[in-house]
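Listed next as C-alpha cells is one chain, alone, in the form predicted on its own.
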Amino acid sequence: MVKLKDGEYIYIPKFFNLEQSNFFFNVLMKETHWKQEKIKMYEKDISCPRLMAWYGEQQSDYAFSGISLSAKPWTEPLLAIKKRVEEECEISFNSVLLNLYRNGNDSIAWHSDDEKELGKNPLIASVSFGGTRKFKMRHKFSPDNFSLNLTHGSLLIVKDETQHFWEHEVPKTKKFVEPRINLTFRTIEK
C-alpha cells in the first residue's frame, strides 16, 4: 500500500501470470461488445477516444460525461477475473467498465471516479491486459503528481478518499503501443 496525501493505492504488477493475462486479453478482445460512445465536452458531442463496454448486475446502470450505460450480463471470463479481484480487495463488485485503448491515440483525459452512484469513498480496482500504458495522477489542490506504468496482468487498487482529492488520466502517446484492455471494477449503489 502506498499512502498519498489525501488517499492511497496498491499496485500489483503481476497479479495475473502471463498465461492467464494472454488468455483474458484474447477472450475479452473477441467476446466483448465494444462500442464507441459519444461524450459531452465543452457542450459538444465528440467520439470517445477509446472503445467501452459496461457489464454487471441488473440495475447497475452508470452515467458520466453525458454517457448513460446499461449493464450487459456478466460473462464467464469477467466473473473469473472479478472473483480473483474481489478476493484481493475483500469487497464485492457489482459492475465493471471495460476500456479498449487500440493504440497510442486512444486515451482518457483527467478525471476522478467520484460520481454519486459510487458512494462516498469508492474503491476502484483496475486490471490491465495488453500493452503497457502510462497512468498519471495529480492532486486537485496541490502540485503533487506521479505516474505508473500499468503492465500486462497488473492490478491497481485506488481507495478511501483518493477520488475526492486526485485526478487520473491515460494520456495519448506517439510511441508505438500494443492494444490495452482495462477493466475497472466498481460498486454501484442502488
Ligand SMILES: O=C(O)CCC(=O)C(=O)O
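The first residue of the shown sequence is 1; numbering continues from there. What you see is a predicted model; the values in this text were computed from it and never measured.
Another form exists, predicted in complex with the named molecule; not displayed. Remarks below refer to it.
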Worksheet entry | S21: touches the named molecule in the predicted complex, heavy atom cutoff 4.5 angstroms | no
Discussion item. Does any part of L28 reach within 4.5 Å of the named molecule in the predicted complex? Heavy atoms only, please.
Written reply: no
Worksheet entry | Interface membership of D113, the named molecule in the predicted complex, 4.5 Å heavy atom rule | yes
Worksheet item: So in the predicted complex, does any heavy atom of A71 sit within 4.5 Å of the named molecule?
Response: no
Worksheet entry | The unique member of M137, A53, L150, V158 whose heavy atoms fall within 4.5 Å of the named molecule in the predicted complex | L150
Discussion item. Between the named molecule and Y9, N145 and H164, in the predicted complex, does every residue show a non-hydrogen atom at 4.5 Å or closer?
Written reply: no
Item to complete: For the heavy atom contacts within 4.5 Å of the named molecule in the predicted complex, list the residues of 161-181 involved, in sequence order.
Response: H168, V170, R180
